[in-house]
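Starting off, we have a lone chain in the form predicted on its own, written out as structure tokens.
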Amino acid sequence: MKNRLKVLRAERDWSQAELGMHLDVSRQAVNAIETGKHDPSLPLAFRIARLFEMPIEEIFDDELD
């Protein structure tokens, strides 16, 4: 699943570890989501959307190219 997490994190000048602290997940989990190796659970996707004050659809794109 494509996502804008890395861009959103960079806009706030947060490291992966800092974002992980905000979301209560590890830096490795943030990295796996950013690189598309792992899709977030639905509860985590909602936490990410709330943190960035955006709809989930603006952060994650499940369309196949």
Partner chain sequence: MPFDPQAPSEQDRSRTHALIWFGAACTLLSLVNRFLGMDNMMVVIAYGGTAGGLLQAALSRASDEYLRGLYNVGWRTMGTGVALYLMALFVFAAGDLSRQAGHWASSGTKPSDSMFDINGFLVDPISLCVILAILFYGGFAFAWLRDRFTTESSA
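Numbering follows the first chain given and starts at 1. Everything numeric in this text was worked out from a predicted model, so none of it was measured.
The next section is about a form of this same protein that is not shown, the form predicted in complex with the partner chain.
In the predicted bound form, no heavy atom of E11 sits within 4.5 Å of the partner chain. Using a 4.5 angstroms limit between non-hydrogen atoms, E57 is distant from the partner chain in the predicted bound form. Among heavy atoms of L44, some come within 4.5 Å of the partner chain in the predicted bound form. None of the heavy atoms of R4 is located within 4.5 Å of the partner chain in the predicted bound form. Within 4.5 angstroms of the partner chain in the predicted bound form, the stretch 13 to 48 places a non-hydrogen atom from each of Q16, A17, G20, M21, D24, V25, S26, R27, Q28, A29, N31, A32, E34, T35, G36, K37, H38, D39, P40, S41, L44, R47, taken in sequence order.
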